[in-house]
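Below, in C-alpha cells: the form predicted on its own, a single chain.
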Amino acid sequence: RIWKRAPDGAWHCSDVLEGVHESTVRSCAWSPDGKLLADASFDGTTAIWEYSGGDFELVDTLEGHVNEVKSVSWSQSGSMVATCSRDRAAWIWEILPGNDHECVDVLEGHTEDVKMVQWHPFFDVLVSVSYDNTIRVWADDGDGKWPCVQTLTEAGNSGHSSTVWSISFNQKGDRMVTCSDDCTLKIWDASIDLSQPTTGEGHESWRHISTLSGYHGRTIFSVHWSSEGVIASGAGDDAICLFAEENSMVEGPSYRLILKKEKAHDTDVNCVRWCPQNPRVLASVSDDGTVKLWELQGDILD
C-alpha cells in the first residue's frame, strides 16, 4: 500500500499494488531518486514498480532465488539492487536501459537464511546479516565479482551470539549498528577508507566498539539510525528504544538510552524507520497489523 499525506495532515492510502505476488511481501525499498519501488516476496521474486504520471506500473520481476526473498536494497547510485533469501544467498542486480535487470553476481558464504542486505550510503559496499549469527561485508573486486571482504563473528570480532536481524548505517557511513536475537545492539566502526576495500577474508575494515544490552527483553528485529544520530530499535517485547551517543571522558564511544516506549504496539515490533525528510518522525510496523507514526519531542516519543 502507498500512503500520502493530505494537506490537513491525515494519511490516506492512495494506491494498492497487487496481483503480482503469490505470497507475503516481506520488504520494500525506494530507489534513491524515488522513481522506482522494489518489493521482496516470500514467493521468491522481487517486483520493480515505476511511479510515473501519478500511477505505478510493474516494469520488471526479478527471479532467481529458490526460497523466500527476505530483503531488498538499492545502491547509493541507484544502479544496482541487492536481494537476499532463505536460500542463504544474496544476489546483486544491475539496472539496464529500459528498466531491465541483470544478475551480476550471486554472493554465497552464509550458512543459513540471509535476513537483510544493506548498501553503504556512499560506496559500493554491501552488508548482509544472517541466521548464522554473522555479518558479512562484500565489495566489488574490479572484475565484476563481489567477494566477501570481512566476516564479523562472535568469536573473532565480539559479534552476535544468535540470529542477526537488521543493520543500519549512520549518516557519515563510518559506523553501523546491528541487532539480534541475542537481545543486543552492536555498534561497529570503520577503521579504514571504505572506498578502497581489500578483497579476501580477513579484511579488518569494521571493528566492534560498543554493545547495548539489557534494554529489550526479547528478539530485536529492527534497528535504524537517524540523520541526527538517534538509533531506534524495535523488538519482540512490543517496545521501541531510542539511543544516542553521549559525550564521555572515558576512552572510546558510549551510547545511552534516551527513552523506551513500552507497549508501542500490541505485539512484536517488526520494523522501525526514521523519516529522511524529518529525522524526528519515526514509523513502526507490527504483527498487530498497524503502522504507527511517532514524533520525537525532547525525550518524549508520542
Partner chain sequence: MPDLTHLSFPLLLARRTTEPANRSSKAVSLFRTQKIEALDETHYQDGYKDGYDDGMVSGKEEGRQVGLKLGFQVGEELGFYQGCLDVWMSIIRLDQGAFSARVRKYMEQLAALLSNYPLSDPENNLQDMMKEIRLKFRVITGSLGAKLGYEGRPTSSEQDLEDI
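Keep in mind that what you see is a predicted model, and the values were worked out from it rather than measured. Positions refer to the first chain, counted from 1.
If you look for the form predicted together with the partner chain, you will not find it shown, but the lines that follow are about it.
K.L.:
Is the gap between Leu259 and the partner chain in the predicted bound form 4.5 Å or less for some heavy atom pair?
P.N.:
Flag for Leu259 set to no.
K.L.:
Indicate whether Glu228 is a 4.5 Å heavy atom neighbour of the partner chain in the predicted bound form.
P.N.:
No.
K.L.:
Using 4.5 Å between non-hydrogen atoms, is His65 touching the partner chain in the predicted bound form?
P.N.:
Flag for His65 set to yes.
K.L.:
Is Glu94 close enough to the partner chain in the predicted bound form to count, meaning some heavy atom within 4.5 Å?
P.N.:
Yes, Glu94 lies within 4.5 Å of the partner chain in the predicted bound form.
K.L.:
Sort through 98-106, 112-120, 169-177, 130-138 and report the only stretch with a non-hydrogen atom within 4.5 Å of the partner chain in the predicted bound form.
P.N.:
It is 98-106 that comes within 4.5 Å of the partner.
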